[in-house]
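The chain below stands alone and is given in structure tokens; this is the form predicted alone.
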Amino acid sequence: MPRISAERKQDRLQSILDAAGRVFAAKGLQAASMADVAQDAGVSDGLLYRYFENKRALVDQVLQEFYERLLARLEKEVARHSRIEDQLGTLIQLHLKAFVEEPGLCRLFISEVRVASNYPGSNIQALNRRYTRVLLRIVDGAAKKRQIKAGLDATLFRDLLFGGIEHLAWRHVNGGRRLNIESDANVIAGILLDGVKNRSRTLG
């Protein structure tokens, strides 16, 4: 049997991951099967198992790619700004945009992957923490510039922000309320900043 090139192997791997993303987003982790992914990717079941030993390994890789895309965009865009107002607004807009652009994968992560017994200590949890640390760095930088009140509990601020976004976006993901990315982001950022900004000086 002729050996395939590294480039062809990478292309085949990417086609499998793209197919898996579509299948998992549409059916969910429990309902989707490896056979479903193989059929969507146009490969045999046997070939699929040469790349991934089981469904869990496959969904982990799909979500890792998803998080890495989000992180690359988030870190790049946040770095363009110096004021917490702009940084926070950018973060919230990009986070909401993920729910609009990839509702199936967001639903998959929240309802199935994050609640699984093997989530704690997993690579996906590590990526999620790296993602939320972008906000912690924003808060830390704003505190050093005295743009926000001294002594702010950054972890609580993080939980309020991401928890609030998730509650709002969950209705969008399930078809109950459409997100308006820009206006919703402005409202969320305004509410949070009004509670933490340093009133002894102008933010900037």
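Numbering starts at 1 and runs along the sequence shown. In this text the structure is predicted, and so the values were computed from the model without any measurement.
This protein has a second form, the form predicted in complex with the DNA, left out of what is shown; the following refers to that one.
For the options E166, D159, D45, E65, the one in contact with the DNA in the model of the complex, meaning a heavy atom within 4.5 Å, is D45. A35 is the sole member of A26, L152, L136, A35 with a non-hydrogen atom within 4.5 Å of the DNA in the model of the complex. Look at 65-73, 140-148, 26-34, 168-176: in the model of the complex, residues with non-hydrogen atoms within 4.5 angstroms of the DNA sit in 26-34. The three marked residues, R22, R107 and R114, fail to reach the DNA in the model of the complex, with no heavy atom of any inside 4.5 Å.
Interface residues of 51-74, taken as those with a heavy atom within 4.5 Å of the DNA in the model of the complex (partner not displayed): Y51, N54, K55, in sequence order.
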